[in-house]
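Presented below, as structure tokens, is a lone chain in the form predicted on its own.
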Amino acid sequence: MSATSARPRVGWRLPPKWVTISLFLLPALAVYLLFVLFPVIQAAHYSLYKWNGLQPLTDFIGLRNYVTALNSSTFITAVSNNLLVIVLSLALQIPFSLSLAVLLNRRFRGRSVFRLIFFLPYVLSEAVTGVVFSLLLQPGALVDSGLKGAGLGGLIQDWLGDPNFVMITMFIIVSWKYFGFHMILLLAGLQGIPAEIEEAALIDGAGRWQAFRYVSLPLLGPTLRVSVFLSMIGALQLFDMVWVMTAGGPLNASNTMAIAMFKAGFKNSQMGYGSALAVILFLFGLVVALAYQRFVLRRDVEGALTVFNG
């Protein structure tokens, strides 16, 4: 027998753990680098120039676009509007969604129909929602006629034309659009809590409110914190419905950071300045996300980590 034939054959072996992980990560990493990280770097580069988007990048002005943005009353109003939506969402939208989730978690006839009805607004696109409400809120249209018919004519406002009231109108519409999403999310969290835990609290003498406050609500904490996080990020990115309904008007009263960025870059052909606004919006969202994860979601994230043993 030859030495070659006597040599034992080496069987096929699985690749090392890091190779397997790399092969799974590479496609997602390539997409992330191409469509997320590269545009951010490119926008940061453009923001250092006075550029209309057509001519070569030759007029380098450094950080002047950022100084202009931070001293612009229009952009400050846009930031204030985003923060207003965040505050109102946390104070009104999330508690309302939680209340509905608690009610629809109870057993009663027709609850599936109510879940469907409350979730339906979320299915509509932002553009369709904006067009529909633009028609409903026109002077003398359905909303005004309904209020007059109900004897509430004194509540009629210039819903989309009053600079002092337009953002309240926008928040109501945004809440109508998205409360169903948060309701379903919180409802899923409630259904993940074993019913025996709350029943045990009731047997021990706790009232239904006490059982919810001291038993169900703490267990719902991780889901509630995720819902709050999504609400904050969504408020920072607010664009579609506001643009369709008011385009940031009247008198820039309903501007958001995304609308200010779009107007500067695509309406006024100030791509350098618009890129600076985009970078500021990105940094704003990044700081909020990192701070929220560091101080609020840290315990939830650490509890979800598992060790990969290969």
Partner chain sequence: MTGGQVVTTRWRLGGMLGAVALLFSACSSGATSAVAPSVALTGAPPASAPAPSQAAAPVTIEWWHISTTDPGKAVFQGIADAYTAAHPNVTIHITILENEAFKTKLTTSIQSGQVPDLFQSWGGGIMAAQADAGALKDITADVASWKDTINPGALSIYAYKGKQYGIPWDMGMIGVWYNKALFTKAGISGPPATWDDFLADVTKLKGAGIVPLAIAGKDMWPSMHLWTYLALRSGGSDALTQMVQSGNWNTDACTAAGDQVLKLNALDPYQPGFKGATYDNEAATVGNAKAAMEVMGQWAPSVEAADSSSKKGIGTDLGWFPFPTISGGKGAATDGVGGGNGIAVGKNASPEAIDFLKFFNSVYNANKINSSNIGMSPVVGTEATVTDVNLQAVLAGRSKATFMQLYLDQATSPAMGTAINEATIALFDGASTSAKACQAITTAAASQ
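Numbering follows the first chain given and starts at 1. Being a predicted model, the structure only gives us computed values, none of them experimental.
Beyond the structure shown, there is the form predicted together with the partner chain, which is absent from this document and is the topic of what follows.
- Only one of 158-166, 75-83, 210-218, 91-99 places residue heavy atoms within 4.5 angstroms of the partner chain in the predicted bound form, namely 158-166.
- Relative to the partner chain in the predicted bound form, residues 43, 268 and 274 are all within 4.5 Å by at least one heavy atom.
- At a distance threshold of 4.5 angstroms between non-hydrogen atoms, residue 139 is in contact with the partner chain in the predicted bound form.
- At least one heavy atom of residue 243 is located within 4.5 Å of the partner chain in the predicted bound form.
- Although the partner is absent here, residue 38 is a contact residue: one of its heavy atoms lies within 4.5 angstroms of the partner chain in the predicted bound form.
- Residue contact with the partner chain in the predicted bound form: residue 70 places no heavy atom within 4.5 Å of it.
- Residues of 115-137 that come within 4.5 Å of the partner chain in the predicted bound form, judged by any heavy atom, do not exist; none qualify.
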